[in-house]
Ligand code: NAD
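Let's start with one chain on its own, the form predicted alone, as structure tokens.
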Amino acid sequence: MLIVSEETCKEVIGRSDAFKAVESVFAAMSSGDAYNFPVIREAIGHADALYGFKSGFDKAGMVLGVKSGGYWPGNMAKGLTNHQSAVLLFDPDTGRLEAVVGGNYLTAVRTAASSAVSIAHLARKDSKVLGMVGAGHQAGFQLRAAAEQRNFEKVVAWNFHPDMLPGLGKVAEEIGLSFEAVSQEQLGAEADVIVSITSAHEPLMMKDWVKPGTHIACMGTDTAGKQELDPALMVAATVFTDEVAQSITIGETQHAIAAGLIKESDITPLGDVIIKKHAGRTADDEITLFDGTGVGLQDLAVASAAAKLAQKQGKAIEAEF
């Protein structure tokens, strides 16, 4: 059995590795070669924490496992990240435990990779302005991954707490992009691509603020009740997601579905675009929207890549189990 620590994951997995792993597993899902098992996610009645399990099997990549963890909102005050998790990987042929992999860093990079894959396949090629809604721990990961998908020239950003925006500005500066803190309305008016990554329970971007041709990656809504976007945006946009069943229950589309504004059949798996089953964007003035709910197969894909790279580089701990 391999043990791959958080620090080792940071050493062996980069954005390119995560992008390839996530893109491949989305394609496998649409091809019928990979599927997620039902998600368990519960409030534990202690520390305001949410805890759960995400699991699945990717036959194409021969990856079987489970991610266990959740969200502890008080962790920042303790010097820890709010999201805490670990991934267990099993041999699909025998069921034996193959690896225990740290999940915190990988959760951040796989979430960023997911939005990056959507930008790569759906955003206009001439996109120049990247809009960031949210400036928390994951926003920097999102910004770096998104910036690699198009020739952006500028980042415009908004956050609930404006004092957090300078940190995101430093990330933009590091990758050579100008940065401006703006209102939500101005962000919608300027941005060609918008990435939202918050824990909001109300719309932060309204339909009338978003210009034609925009691509939106909505990455924060992963629980019943959460919401980042005006449901009317779902009507105006061509909607894609990682997994439709999860999107309509805990993803951003849950609100538009509940209001009868769209149907389940209006939502397309992003994997269908990757395997050329769906055309994706078909016009420059089309609004495209990706509802990134975060599926277990993403975690398993990047964890498997981390385990293989760590073993190859001699950085994994080998233990009897």
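In this text the structure is predicted, and so the values were computed from the model without any measurement. Heads up: residue numbers just count along the shown sequence, starting at 1.
Keep in mind that the form predicted in complex with the ligand is not shown, yet the notes after this line are about it.
Would you mind picking the one in N159, N75, Q84, Q149 that has a heavy atom within 4.5 Å of the ligand in the predicted bound form?
That would be N159.
Between the options V100, L143, V239, M219, which residue brings a heavy atom to within 4.5 Å of the ligand in the predicted bound form?
Contact check passes for M219.
Within 4.5 Å of the ligand in the predicted bound form, all of S127, V210 and A232 (non-hydrogen atom):
No: no residue has a heavy atom within 4.5 Å of the partner.
Answer range among 104-112, 117-125, 86-94, 185-193 for contact with the ligand, defined in the predicted bound form as heavy atoms within 4.5 Å
Looking at the other structure, the answer is 104-112.
Residue-level contact is defined here as any heavy atom of the residue lying within 4.5 Å of the ligand in the predicted bound form; does L177 satisfy this criterion?
Outside the cut-off, so no.
A200: heavy atom within 4.5 Å of the ligand in the predicted bound form?
Within the cut-off, so yes.
When the contact criterion is heavy atoms within 4.5 Å, does H137 count as touching the ligand in the predicted bound form?
Looking in the predicted bound form, residue contacts with the ligand include H137, since a heavy atom lies within 4.5 Å.
Is T293 close enough to touch the ligand in the predicted bound form, meaning at least one heavy atom pair within 4.5 Å?
T293: yes, in contact with the ligand in the predicted bound form.
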